[in-house]
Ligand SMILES: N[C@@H](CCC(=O)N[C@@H](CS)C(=O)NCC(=O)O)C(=O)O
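Here's a solo chain for you in C-alpha cells, the form predicted alone.
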C-alpha cells in the first residue's frame, strides 16, 4: 500500500490515524501543497484526477477518497471492531461516515479552508451555519453516547475527528460544545492515536 498525503489535510489525517491504531505498514508519499502544489502536478493527476489528497495505491489500484481508504483498511486489518459486518452495525457506522462527508465537510472543513486561504471559495456564512449544525448534532448525540456508532470506537469516529479537532481554525468555538470536546479527548486517549499536526 502507498499513501499520498499531506500533513495539512484532515482527510489524510484520518488514514494516518487508522494505520497507526492498527499498526498497518504503509509507504507514505508526502506532497508539497503550498510550495510546489504537487497535488495539482501532472504526475499526481494521473493518480487522482481530482487533484486532492489522500490517494492510495491498494493492490495495484488507485483509490481517491478517504472514506474508501478507511473502509478497506478497517475490513482488511480491523475485524469487526472498526467496521462491523452485521447490517445494523454497518449502517450505524456508515450513517456517521456520510455525516463526515456532508455537514462536517461543507461546514467545518470548508470554513477552515476559507480562513486559512486554502483555495476554498463559496458562501462563508453558509459554511459557518453548516459547521455549527454539525457541532450541535454531534454534541446532542455525544451527550448520551461516548462514541458515534455501535457503542465503541469505529471508523465513524475517525472520519469525523480531524475537521472537528481543527474546527477552531474555521472560526468555530468548539468549547461551546462540551460533549464534543469530551469526545475529542476520548479519541486522543485511545492507545496509538497519533497526535494532532
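Residue numbers count along the first chain shown, from 1. Please read these numbers as outputs of a predicted model, since none were measured by experiment.
Separately, the form predicted in complex with this ligand exists; it is not shown, and the next lines address it.
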Report task. Spell it out for me: taking this ligand in the model of the complex, does every residue among 54, 66 and 101 have a heavy atom no farther than 4.5 Å from it? Result -> yes
**Report entry** Sole residue of 28, 152, 36, 50 within 4.5 Å of this ligand in the model of the complex, by heavy atom
**Finding:** 50
Query raised in the report: Would residue 120 sit within 4.5 Å of this ligand in the model of the complex, counting heavy atoms only?
Result: no
**Report entry** this ligand contact in the model of the complex: residue 161, any heavy atom under 4.5 Å
**Finding:** no
Query raised in the report: Do residue 105 and this ligand share at least one heavy atom pair within 4.5 Å in the model of the complex?
Result: yes
Query - Residue stretch of 125-133, 144-152, 167-175, 58-66 approaching this ligand in the model of the complex, non-hydrogen atom distance within 4.5 Å - result: 58-66
Requested in this report: Scan 1-36 and note down the residues that get a heavy atom within 4.5 Å of this ligand in the model of the complex; none is a fine answer too.
Outcome: 9, 10, 11, 14, 33
